[in-house]
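Quick heads-up: it's one chain on its own, the form predicted alone, in structure tokens.
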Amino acid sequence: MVRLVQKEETLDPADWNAMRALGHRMIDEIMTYLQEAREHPVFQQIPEEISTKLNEPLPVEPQGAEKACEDFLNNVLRVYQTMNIHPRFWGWVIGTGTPMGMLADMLASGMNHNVEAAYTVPYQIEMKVLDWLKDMLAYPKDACGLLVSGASMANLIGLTVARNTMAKFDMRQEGLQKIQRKMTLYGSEEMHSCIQKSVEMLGLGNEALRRIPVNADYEIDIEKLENEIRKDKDSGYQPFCVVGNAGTVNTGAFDDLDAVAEICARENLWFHVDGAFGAWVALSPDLSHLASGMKKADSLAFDLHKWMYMPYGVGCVLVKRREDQLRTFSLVPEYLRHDEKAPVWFSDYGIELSRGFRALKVWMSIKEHGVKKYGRLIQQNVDQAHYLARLVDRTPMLERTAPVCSNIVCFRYVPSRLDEHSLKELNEKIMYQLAFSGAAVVSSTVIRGKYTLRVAIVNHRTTREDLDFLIREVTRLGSAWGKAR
């Protein structure tokens, strides 16, 4: 059957001026959204009618750009107030983003460049960003690196390089079936869950991950780490890696990275550091000592969308020896063959072939603000955490449940004569009421058996007045429920 020739189509607008006007409106709307973030609730539940509207059938015929924009404004933006861009959002460890970062993402999407091949400007910008990041974190200048979606992927890549490099055989060619001695790795019981996921994905099994107890400051117990490594060697295992924490997700604690590095050097183990948010204390002269041992790591994972306040998602992995990363990932099929004299493609450093232009928002943001300002903001957040800790310590009925090392404060409301189960119920109610009322968002965790409210300050919009407000609300809610009992 012969098809009749029809008019060829495109996804470009029929009216570029109309699309340009719509684009200006979108920018105006989102700028207002950011500018007025403080005026809105931190969180609100999705209205049922909005959920119904969003549950629409698949569009088969065009609805048009104007309709798509109106649906976004009415059913997404104006009902999604405002979560982590709000000054009183302290749940989990989630960054705030910035107007410049947002605009840079728009520009990067407009260019729509796949950043893998060398000899392009986006490639050069990512290479320059990686150089800057190494300078900022005092990491060896000849290390290699890769921008990724976030620290979970960065940790996976770093640990993959560790496994393949430390194996006694060609892991890529022969696989895990070649293992004769079970490989083991170590981290504190406070390490992030993405480490366990990485270990499972690497085929080593959760049993290979040794969780080492922490000391009173929630740092890995160095003596117990050494004992566990020695015991595993004596039992015929092959220890190959230790994961150091530069800022634990529960309490913000930093392992003694210099001591961990010394153990790894002595025992011939790979030293990997998870610095998802805490790596950035390196920018503050008063805090950099906490992570001084990071520069000794064989691999380092960290985010820029957390404590560098950039829009999601952008993280980074750095690997000290370029050849280790290339041996782990480099693969050039015929259809990607390129000049051997050309710089190495980014696809040879990780698992992604298709890669967005993440580097642009990093490049533009650092140029806009400068490194010193980021250092001051990080110090400001830590100072705010210590200020909040002092408020907790001098407020009756409040109890701090962990030391404050960096930017995370753990505390709870503790009236007299309540058992742990009742205290959990009460503090859980406080947490949910704070959120559902739109007043503030905090998260929770369990610290040595105690259900705890957790305030993680990675917010450049937070002020001390916001923290005063939080304490007033927690004590008001706790007191009200106490009277109701």
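In this text, residue numbers run from 1 along the sequence as written. In this text, all values refer to a predicted model and were calculated from it rather than measured experimentally.
What comes next is about the form predicted together with another copy of the chain, which is not displayed.
In the predicted bound form, no residue of the candidate spot (G252, V392 and S479) has a heavy atom lying within 4.5 Å of another copy of the chain. None of Q124, N227, N215, S292 but one reaches within 4.5 angstroms of another copy of the chain in the predicted bound form through a heavy atom, and that residue is Q124. With the partner omitted here, the residue from K128, K231, K168, R321 that has a non-hydrogen atom within 4.5 angstroms of another copy of the chain in the predicted bound form is K128. Here the chain stands alone, but in the predicted bound form its contact with another copy of the chain, taken as any heavy atom within 4.5 Å, falls in 322 to 330 among 259 to 267, 322 to 330, 216 to 224, 410 to 418. Although the partner is absent here, E56 lies within 4.5 Å of another copy of the chain in the predicted bound form, judged by heavy atoms. In the predicted bound form, no heavy atom of N245 sits within 4.5 Å of another copy of the chain. In the predicted bound form, M19 approaches another copy of the chain with a heavy atom inside 4.5 Å. Residue contact check for S437: none of its heavy atoms lie within 4.5 Å of another copy of the chain in the predicted bound form. Contact annotation for 370 to 398: residues with any non-hydrogen atom within 4.5 angstroms of another copy of the chain in the predicted bound form are G370, V371, K372, K373, Y374, R376, L377, Q379, Q380, D383, Q384, H386, Y387, R390, listed in sequence order.
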